[in-house]
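Just one chain follows, in the form predicted on its own, and it is written as structure tokens.
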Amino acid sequence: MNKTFRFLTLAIVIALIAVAAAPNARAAQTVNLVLMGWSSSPSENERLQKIVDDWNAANADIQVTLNQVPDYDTTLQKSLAGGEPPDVFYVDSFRFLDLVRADALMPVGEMLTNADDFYPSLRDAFTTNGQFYCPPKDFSTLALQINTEMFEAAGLSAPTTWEEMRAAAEALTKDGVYGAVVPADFARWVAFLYAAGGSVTNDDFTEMTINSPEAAAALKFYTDLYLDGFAKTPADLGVGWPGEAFGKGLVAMSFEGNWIEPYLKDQFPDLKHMAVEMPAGPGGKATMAFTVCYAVPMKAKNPEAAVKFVDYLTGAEGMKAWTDLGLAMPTRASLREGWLAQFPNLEPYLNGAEYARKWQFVPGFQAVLDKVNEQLSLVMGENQTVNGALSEIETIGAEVLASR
């Protein structure tokens, strides 16, 4: 075998080895991420999977697997405790402080594109100790839904104040229909508390402030609708939730989040209704911001890739693709006009971003929420006074805060 042939043979062998090794080299350069969230409606699940698929098609170096789990909180807790957290995961604003306290979250907010574009109330929901930890993926607010057919028949306009709301509830309670549906639910009553000028705790969660004249006014207004016969609870009406009572025409008003709109469109397509902003109380307008962020774990294995993916999901392009579904609202102010052009009927919900209060308390506060729900039921059943209820709530709340 001459030298030339040997050199050619060696060159071919080297080339073949290089070709064979290329896929493995490319595979080694690919970062694989897991996005974990909770399973929602089929349409939401499919849409989020489509967004992940689009990302994967455009980013060969960072491939993402969507893992939507049913028992989310338990699964997340186990993965964090075991030191194998997902690369990106949902964090509800209600659980946010728990996870920060556990040192489970990496503060990535300031690494994102145009972080100042997020509505301040939503950015604040995921900011503590001066650090913006994770960007809000979307949000929902409470608004007042009114049956326009009933209102028009009674010659009434949409209420803008508590007084107008009560007057409408009284006028529309007739012929087996009630003015409003009032669940014994802190997540609904708390909007009235804030509208009265009250609060649950002080700003740093060191003292309960719920036992106040403002809270008493809010609790009395809410429960008087029921006690005076102008409203019923969902259970009284034989339904599972307020949206069903409203959709079936059992009540003229409900106060739910924008999640009620696709439900009504699907289940009650002939219902004539509209949403307006929550009526103002003595302290002005108030609503709640229910939101979730995309978080990166403190012990992230691939932090740069995870932040890049989160930046896409909550950036202008990714968020538009997600919120154009109409099931949740964009958390970036720059997307407002384009989104409203598609969903003009949802403007009252989006307007709430300007004055919404965050749905967030300290670890262990679920006990207080349970006590509020219990006391609401007792007051409605005339087994407790307004002042007695607030005293009970204050006591359990003080115990929770003292245990921190």
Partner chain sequence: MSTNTVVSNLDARGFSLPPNIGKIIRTMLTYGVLILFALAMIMPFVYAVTNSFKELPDIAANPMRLTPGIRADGTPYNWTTIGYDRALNNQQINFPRAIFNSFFVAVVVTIMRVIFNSMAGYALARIRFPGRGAAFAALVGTLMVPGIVLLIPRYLVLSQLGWIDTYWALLVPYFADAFGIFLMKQFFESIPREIEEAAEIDGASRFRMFFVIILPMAIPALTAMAIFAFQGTWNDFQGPLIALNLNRELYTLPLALAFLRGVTGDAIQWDLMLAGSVITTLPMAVIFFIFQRFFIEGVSYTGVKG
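Just so it is clear, the model here is predicted, and its values are computed rather than measured. Residue numbers count along the first chain shown, from 1.
One more form of this protein should be noted, the form predicted in complex with the partner chain, which is absent from this view; the next part is about it.
- 45 is the sole member of 45, 56, 351, 360 with a non-hydrogen atom within 4.5 Å of the partner chain in the predicted bound form.
- Shown without its partner, this chain lists 78, 174, 101, 299 as candidates; in the predicted bound form, only 78 has a non-hydrogen atom within 4.5 angstroms of the partner chain.
- Only one of 221-229, 204-212, 265-273, 130-138 places residue heavy atoms within 4.5 angstroms of the partner chain in the predicted bound form, namely 265-273.
- Against the partner chain in the predicted bound form, the set 166, 325 and 337 makes no contact: no member has a heavy atom within 4.5 Å.
- Shown alone here, residue 344 lies farther than 4.5 Å from the partner chain in the predicted bound form, counting heavy atoms only.
- At a distance threshold of 4.5 angstroms between non-hydrogen atoms, residue 155 is out of contact with the partner chain in the predicted bound form.
- In the predicted bound form, the partner chain stays beyond 4.5 Å of every heavy atom belonging to residue 31.
- In the predicted bound form, residue 68 approaches the partner chain with a heavy atom inside 4.5 Å.
- Heavy atoms closer than or equal to 4.5 Å to the partner chain in the predicted bound form belong, across 233-247, to one residue only: 241.
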